[in-house]
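Next up: a single chain in structure tokens, the form predicted alone.
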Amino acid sequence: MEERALRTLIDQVRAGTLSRRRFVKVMVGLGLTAPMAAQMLASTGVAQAQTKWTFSPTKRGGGGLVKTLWWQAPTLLNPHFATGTKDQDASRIFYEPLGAYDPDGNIVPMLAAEVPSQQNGQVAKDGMSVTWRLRKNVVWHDGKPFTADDVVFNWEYVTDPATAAVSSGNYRDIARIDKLDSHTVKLVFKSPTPFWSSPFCGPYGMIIPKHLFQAYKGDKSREAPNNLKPVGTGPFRFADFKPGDIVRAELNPNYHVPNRPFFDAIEMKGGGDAISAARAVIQTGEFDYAWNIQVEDEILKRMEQGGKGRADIVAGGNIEHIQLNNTDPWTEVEGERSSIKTRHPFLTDPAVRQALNLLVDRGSVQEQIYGRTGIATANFVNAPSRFVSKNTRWEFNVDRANQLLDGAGWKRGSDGIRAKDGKKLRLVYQTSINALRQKTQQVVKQACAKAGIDVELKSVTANVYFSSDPANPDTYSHFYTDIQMYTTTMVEPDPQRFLDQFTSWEIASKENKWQGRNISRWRNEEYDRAWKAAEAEMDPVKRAALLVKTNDLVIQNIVVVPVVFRPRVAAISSRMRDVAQSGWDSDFWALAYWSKQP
């Protein structure tokens, strides 16, 4: 686009004759990402518009009960210990970050009074600091004031190794936090930090109260009573919680946004399965909202014909993938299987990894199982566009897989199973119980059989598989099988933190209560160097190239096999209003603004 035409569009946004959303869509169509388009407006002095809501209540409450379904039930209500999105989302009912990410990846102020920028002087041009001004009318659910001290404490709490917080990666680059006054903090970084919103924004940015958690920092972190009874600043306050079952909350009469929330109470019911959750919203209307509807597309389309609800599909960064274990899940070392002190007996052979990569029929998985809800891909990172590698491609080829295994000396025995040096190619492939995942398992198992690889399928109840219990050996974070499959969520419109799950310092282990994000236990010095370089690179083009390189290293080394890039799919009642999913944040990111037709 020529400069004159671009200036005209920006002037139209400034004058109010063109919406920011429309401008962003035009720029995305020209190859930019939504955050880049938003930054373009910001750099020309066009202030960020607030998210618009169609319903403007004149008083708080009066909307009755809103009933939601999460078919993976939450197990705790401390966002810094959240294992999977179900714990993050349950925590978001009560806790808030400084800023949330809207559907376009823009920051929306929550506990912050405004969004920092270079234009307002709150983001240093050298990337070494960011200043946050906090809302002054915010109180915790118990009436205590929210202040800068809470922000400083959350950094100290999360970065204490003994706390074993899953969110620690988002905060480790902060050198110190200066309290400028009771409601202003300055984050000073250890090095130039281009993605300065990672700490304190989005799902990993939720802030817990200092006065209730200070005594439980470090080794005592898991003993805090408020891990199960949250006291936050959010639109709803705690009523009841039955881990693995249901969360109940009631309207917060002191919420800092006038006339919000609309609903008097909320229930987050857990358990069951995705198809029954979809049916309860779209077909029967028993519930108002259901999360993560991983259901065959043809079934969703039939449900939608009744008119009581719909499947809402939005772009995000979710990837359904198969992980290959780099350690030995069948040998115990010092009370720990899949120990970093071991090596997998055959998955460390490049030929076996390459063969498995060729034996995943992603095209059939998309066409026959996912439809519009899953797109076959060769990449781990699939959005935003500037971070998507063009260097990869996927292939389904049983013949080539056989050739690779033959060439590497894996010979078929009388039972048809390949073996080498006394080791047979027998593996256990686990995932959570879900119809789409069990069908995907069958597709992979059948192809592997044609290549002489024997696959035993293991399916674990979702509440167990995604549990945060460090004593539970069947969680995906323990990874006590050879390969496993699930969806990992890119919760921010920037892949830096998403990609730290392959860094050597994030390995899940007994020592960190299996809270480390590197579940495959892969270690690669080149990957670590590229990731660290991207973390401090202020040139956006160079930084994008470094993050593309990290994706490519994961794919080239077949650390994982991407299956389908999954847009977010929720089931929403036809009566609900202002329920805007964001592909970059919790489903409850704008819960205070939800409403419903009478």
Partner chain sequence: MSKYLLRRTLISIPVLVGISAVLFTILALAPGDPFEELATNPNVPAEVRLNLRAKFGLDDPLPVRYARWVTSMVRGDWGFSFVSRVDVDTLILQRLPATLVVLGSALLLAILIAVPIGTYSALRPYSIFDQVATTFAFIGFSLPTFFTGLLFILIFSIYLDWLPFIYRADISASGWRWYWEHVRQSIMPVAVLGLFQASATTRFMRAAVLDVIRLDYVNTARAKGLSERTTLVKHVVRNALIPVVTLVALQIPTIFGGAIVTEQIFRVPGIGSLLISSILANDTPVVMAITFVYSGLVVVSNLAADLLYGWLDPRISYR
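Numbering follows the first chain given and starts at 1. Here the structure is a predicted model, which is why all the values come from computation and not from measurement. Here the rigid core means the biggest group of C-alpha atoms that line up within 1.5 Å when the two forms are laid on top of each other.
Quick note: we don't show the form predicted in complex with the partner chain, though the next part is all about it.
Proximity to the partner chain in the model of the complex, defined as a heavy atom within 4.5 Å, holds among 345, 271, 103, 194 only for 271.
Though the partner chain is absent from this view, in the model of the complex it lies within 4.5 Å of a heavy atom of just one residue from 284, 137, 182, 118, which is 284. At the 4.5 Å threshold, heavy atoms of residue 240 reach the partner chain in the model of the complex. For the chain shown alone, residue 244 is a contact residue for the partner chain in the model of the complex, at least one non-hydrogen atom being within 4.5 angstroms. The partner chain is not drawn, but in the model of the complex it has a heavy atom within 4.5 Å of residue 162. Interface residue remark: residue 483 is not counted as part of the site for the partner chain in the model of the complex, having no heavy atom within 4.5 Å.
Per the 4.5 Å heavy atom criterion, the partner chain in the model of the complex is contacted by stretch 70-78, the sole one of 70-78, 411-419, 144-152, 95-103. Highlighted residues 172, 489 and 515: every one comes within 4.5 Å of the partner chain in the model of the complex, counting any heavy atom. Residues 218, 219, 221, 222, 228 of 213-239 are found to place at least one heavy atom within 4.5 Å of the partner chain in the model of the complex. After superposition on the rigid core, the Cα of residue 150 moves by less than 2 Å between this form and the one not shown.
Relative to the superposed core, residue 267 undergoes a C-alpha shift smaller than 2 Å between this form and the one not shown.
In the core-superposed comparison between this form and the one not shown, residue 508 has its Cα shifted by at least 2 Å.
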